[in-house]
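Just one chain is shown here, as C-alpha cells, and it is the form predicted alone.
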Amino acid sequence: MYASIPAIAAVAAALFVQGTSAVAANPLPKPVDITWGTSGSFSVKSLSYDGPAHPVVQDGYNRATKKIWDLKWSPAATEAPPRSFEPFPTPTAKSRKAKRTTRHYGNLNSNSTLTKVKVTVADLKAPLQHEADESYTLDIGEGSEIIVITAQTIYGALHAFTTLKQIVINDGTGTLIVEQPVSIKDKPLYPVRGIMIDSGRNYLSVQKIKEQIDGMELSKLNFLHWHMVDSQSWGVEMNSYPDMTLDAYSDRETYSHECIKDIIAYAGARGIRVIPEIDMPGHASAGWKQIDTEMMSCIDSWWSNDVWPLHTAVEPNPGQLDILNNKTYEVTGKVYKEIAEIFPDNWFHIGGDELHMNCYNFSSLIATYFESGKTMGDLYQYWVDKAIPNFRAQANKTFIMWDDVVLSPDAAASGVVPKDIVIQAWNNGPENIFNLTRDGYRVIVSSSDFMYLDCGFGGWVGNDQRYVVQVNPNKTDGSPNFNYGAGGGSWCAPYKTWQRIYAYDFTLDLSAEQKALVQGAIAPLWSEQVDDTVISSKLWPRAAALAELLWSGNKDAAGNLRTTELTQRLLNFREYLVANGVMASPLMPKYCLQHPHECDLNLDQEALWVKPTPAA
C-alpha cells in the first residue's frame, strides 16, 4: 500500500525536528560538525578583534565584519518540513495553508551580547599550497560575550570568518543576532575544490574574474583553474615573445603581468590558489603562430572539412604544435618559464587534451614519422618524454594534464607517463577515475557528464543545416533527435543541474587506496558561449553545490543522500551571493524559496535515500 499524503508529511516533520535545530541560519557548505544550543540568542552590536597581527587574517576579519554590518543579512529561505496537503481526490478537504508572516528570528530578547572575536592561528607562515590545513573551530558558549575561533593556518581562519558571516543574521527588526550558542568543528574532505574559467574563447575582465573569486570565498572553494589561452586568442602579454598578443582579440583584451599578479593577490587574500593552464601541444594556434609558423601544424586547414572523418579540430579554429620540430621545445620552454614565474603556486596545468592525427597530416615531419610505422600514441609519448623534462628544467612544478594523455582511445601516450603528474579526468565519469587511480595516478575529477557547466546551451557553430527541420522526424515513436528532445548541438547535453552535480558519487567502487588518490574536483566552464555578461549566472549557484559536495559531502550521518536538505540552503545561498555582488542565476521560482519543499518532485523526503532490500 502507498502511504497517505498526511502520513508522509508527518514523517517529514518528524525528520525535520530530529535532524535540524530550530535556527534560520543554514551555512553553506554545511559544516562537518555543527551543534546548536537552546538557551537563547545573542545580540551583536559591535565586535572587537583579538587575534594575530597578520595582514591576511586582519583584512579577512575586516572584510567579514564590514559585510555583516553592511548587509544585515536576513535568511531568504529557511528549512521547514513540507506542509500538509489535502488528499487526492477530495476537492473540499481543507489543508493547512502556508501563511505569509513577518519573519523574526531568535527570541527578540537576547540574553547576551557578543563583543569580541578571539582568533588563534597555530601557524601563520604556512604557504598557500596543495594540502594546506584549512580546518577551523568556531565556538560561542552559553552566556558568553566572545566568539572563539581557532585554526591551524590563516586559511582555516578565513573559512571561519566566512561561516561567521552566515550565522550572524538580522532578526527581522534590524538587530543583528546569533540565534543560539553554537559549536563548529570543520574541515574540508578534499584539498582541491574549484572551478575552471576560460579566457581563451572569450575575454573575461579582471573585474569579472574577481567576482568569481568572491563567490569562491563565500562557498569555501579554494582552486581557480584558469585556462588562459586557446587556439582562438592569446591575451597573455609575454616579454619573451611580445608579438604573441597580436592574436589577442584587441589591445584592451589582454592580461599584463601586473594585472595577473593582482588577480593572484586578490585570490590569495581569500585563501584561493590560482593555477594557470597553457594548453599544449593541442589547441594551439593564436599566439604561437606569431613566433614561427614552421612549428605549427594545420593552422590554415578547414577545421571540419564538412566530412567528419577528415576533421582537424573539434571546433574552429584548428592548430597544434609540431611535436617533431625542435623549435617547439625552445619556444614552449620559454613561454612556460615566464608564466610559471608569475604564478607562485607549485602546480601548473600544461593541458594535453584533444590531439588529432588529421591535423598532423599537414606536417611533413610527422607525416614521414607516421609512414615509418609510428602511431599517434608514439607521437604523444615523444612529447611527454621531451617536453616534461624541458619544463622541469625551467621551473620544477607539479604538472596537471587532461586524462587524454593516459586514456584517450585515439592518442594516449604509448609508453610511460610519470606518476607524479596529476591527471584531470574529464571523460567517461567514474570509469576513467577508477582506471587512473588503479594505475596509481592522483586525480582531479572534472567529469563532463556531471560537472561541465557549459553543457546544454545548444550548438554554436554557424551555417549548420541540422537546424533546418520543421517536422519532428520521430513524431510517431517519440524517440529524441537533434532538435526534438536531444542535445540540439551541445555535445555534452543535457544541462548539468545542481542536483546532478551534488549527487555525483565520484569515488564509486574505489578501494581505500584509490580514494586516497582523488584530490578533489573542478567544475569547468568552457567559454565558447561565455563572457562577462553571463559567466556568473552560468557558474553560480551550481558551483556552490559542488562546494558542499567537496567540503562535507552529500550524505548524512546515516549515509543517506541529503539533496532535499540542501535545497533550502542552496536557494538561500543564491540570494546571499546576489546580495554580495555575485550575479548568480535563480534555480527555481521564488515561490519555492518561500514555501519549503513545495517544489520537490517527491513529497516523500526519503525518496532519494537508499532503502534496504526487504527480506525474501
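Fair warning: this is a prediction, and the values are worked out from it, not measured in the lab. Residue numbers here begin at 1 and follow the sequence given.
The following text describes the form predicted together with another copy of the chain, which does not appear among the structures shown.
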Looking at heavy atoms inside 4.5 Å, which stretch does another copy of the chain contact in the predicted bound form, given the options 326-334, 423-431, 178-186, 123-131?
423-431
Is Ala584 close to another copy of the chain in the predicted bound form, meaning a heavy atom pair under 4.5 Å apart or at it?
yes
Would you check, heavy atoms only and a 4.5 Å threshold, whether Trp69 touches another copy of the chain in the predicted bound form?
no
Taking heavy atoms and a 4.5 Å cut-off, does Glu86 contact another copy of the chain in the predicted bound form?
yes
Contact between Lys590 and another copy of the chain in the predicted bound form at 4.5 Å, heavy atoms?
yes
Can you work out which of Val44, Val57, Ile34, Leu561 has a heavy atom no more than 4.5 Å from another copy of the chain in the predicted bound form?
Leu561
The one residue among Gly415, Pro480, Gly440, Pro409 placing a heavy atom within 4.5 Å of another copy of the chain in the predicted bound form is Pro480
Is another copy of the chain in the predicted bound form near all of Ala265, Leu379 and Pro389, within 4.5 Å of a heavy atom of each?
no
Restricting to 336-353, the residues within 4.5 Å of another copy of the chain in the predicted bound form through any heavy atom are none
